[in-house]
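The chain below stands alone and is given in structure tokens; this is the form predicted alone.
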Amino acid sequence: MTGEPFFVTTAISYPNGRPHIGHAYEAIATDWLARFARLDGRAVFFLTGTDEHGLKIAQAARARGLSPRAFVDEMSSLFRKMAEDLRISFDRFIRTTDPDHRVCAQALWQRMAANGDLYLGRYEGWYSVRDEAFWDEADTTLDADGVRRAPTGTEVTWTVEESWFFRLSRYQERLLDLYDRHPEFVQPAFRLNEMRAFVERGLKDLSVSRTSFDWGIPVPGAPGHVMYVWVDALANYLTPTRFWTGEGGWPWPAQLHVIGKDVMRFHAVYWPAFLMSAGLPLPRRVFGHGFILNRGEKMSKSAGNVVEPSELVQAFGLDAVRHFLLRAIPFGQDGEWSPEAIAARANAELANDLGNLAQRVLSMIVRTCGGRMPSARPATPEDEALAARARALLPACRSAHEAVRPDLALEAIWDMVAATNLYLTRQAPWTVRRTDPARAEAILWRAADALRRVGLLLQASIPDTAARLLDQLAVPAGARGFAGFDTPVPTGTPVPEPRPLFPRLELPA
């Protein structure tokens, strides 16, 4: 896969509230994917942003006494600031109010219309404003108060209005064929099974325009109609490609959409059907991750357990937060976080395992090797075993990247850290140097080179601290990509006095 372009996206956020840790989780995981691919020599385009149209936005703006545009300008800026504060390395932060996105969405609509897949009708059914989704009555339930609710728990209301419809039913067999021939299209595999079951139950044509409000992208040639928000929002993935001009954009298709499990239906059913209708290639993969829970509960305003990412970064530091979210949760499954868990993992893995290892190795190099990178000779079977394990680390992390599993990559990296700590303890260069200084230098060189490889890989997950580690190992700025993974720092290179990489964390009072 090395060298192949990598177009990766997050699901763009719906900015009718402030960013929370769930938004941060998806952004950080996708950032790891993008950073890793860049380090591996691939051309990368990383797209994220905000989805700013729809009835829910219009209602939220009205409640604040603002125009929809003023409201989304304010709210989108919060999500962009979150991305910047988390060091998310996006190539474009798209807003669905951007002028080129409007052109893109209308071009997609016109292609679907030209294929005969759009027709004018009348929509009558249950609609969730919060989900911006239509639901069959069989999917809804009445709660104890007589309120009808969608499977997501949100209230639905009976809606009647003139609407354009997309012939989704026409694509049922093509979608099932897609799932059969390309099971990698929807991941993890159990999400594919969910989508196949949904499609097998039968697809009805989809209402794709609204006339009851006007905050949206106008339907071409249909005054009074604005596009259903999920036609508009999904089209954002095409906007950077400028497909409607045939030139000047990033090549389509995307290699990977990273999304939350709650929007699988839109991305794995509606989106491929729209693209099939428009005669455009499908993305390679749609990966649905799980929810991140606060002590077993999904975060919500009503539960009072929403925590903004900026609060966690202020309390624990950016790299501690990034490390926890990537390391502690198998990507694709639901996972839990707590302040205690963040602090415990940062102290155990960052401060103790990695931080102490770096401090021991580098301080001894400075103290006993004249502040210069020592020699690798002579070598022993134990040295070669550590070196072989270190060389295998990059292939293992590439496999984890292909599987969209940052947690597995970090597991392999921390196994390497543990192996290096064990090697150092067993080889005891502080004792060996009394009788065999050359052997002590060789031990330190092997440990330092293992740290170098670890530092190179950690640039994707904890970029700030990884940069400091590589600085202390005297790795040149131009040698920090994976192309130099097997190229050690030359013997005799000056090594600076080490400084602690991670402070020990205490829980906030």
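Values in this document were obtained by computation on a predicted structure and should not be read as measured data. Note that residue numbering begins at 1 and tracks the sequence as displayed.
Same protein, other form: the form predicted together with the RNA, not shown, and the subject of what follows.
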Of the options L206, M112, L312, I259, which one has a non-hydrogen atom that comes within 4.5 Å of the RNA in the predicted complex? L206
Could you check which residue among F198, W244, W250, Y179 gets a heavy atom within 4.5 Å of the RNA in the predicted complex? F198
Does P500 reach the RNA in the predicted complex if we count a contact as any heavy atom within 4.5 Å? yes
Proximity of R148 to the RNA in the predicted complex, heavy atoms at 4.5 Å: no
Is there a heavy atom of F266 lying 4.5 Å or less from a heavy atom of the RNA in the predicted complex? yes
Taking the RNA as it sits in the predicted complex, is L142 near enough to touch it, meaning that at least one heavy atom pair lies within 4.5 angstroms? no
What stretch, of 380-388, 129-137, 68-76, 277-285, brings heavy atoms to within 4.5 Å of the RNA in the predicted complex? 129-137
Looking in the predicted complex, is the RNA within 4.5 Å of a heavy atom from each of A351, Q359 and L422? yes
Heavy atom within 4.5 Å of the RNA in the predicted complex: which residues of 357-380 meet that condition, in order? Q359, R360, S363, M364, R367
Since the CA distance of P151 and D214 differs by 3 Å or more in the predicted complex, is it closer or farther than in the form displayed? closer
Checking the C-alpha spacing of D131 and D214, a student should find that in the predicted complex it changes by 3 angstroms or more, with the atoms closer
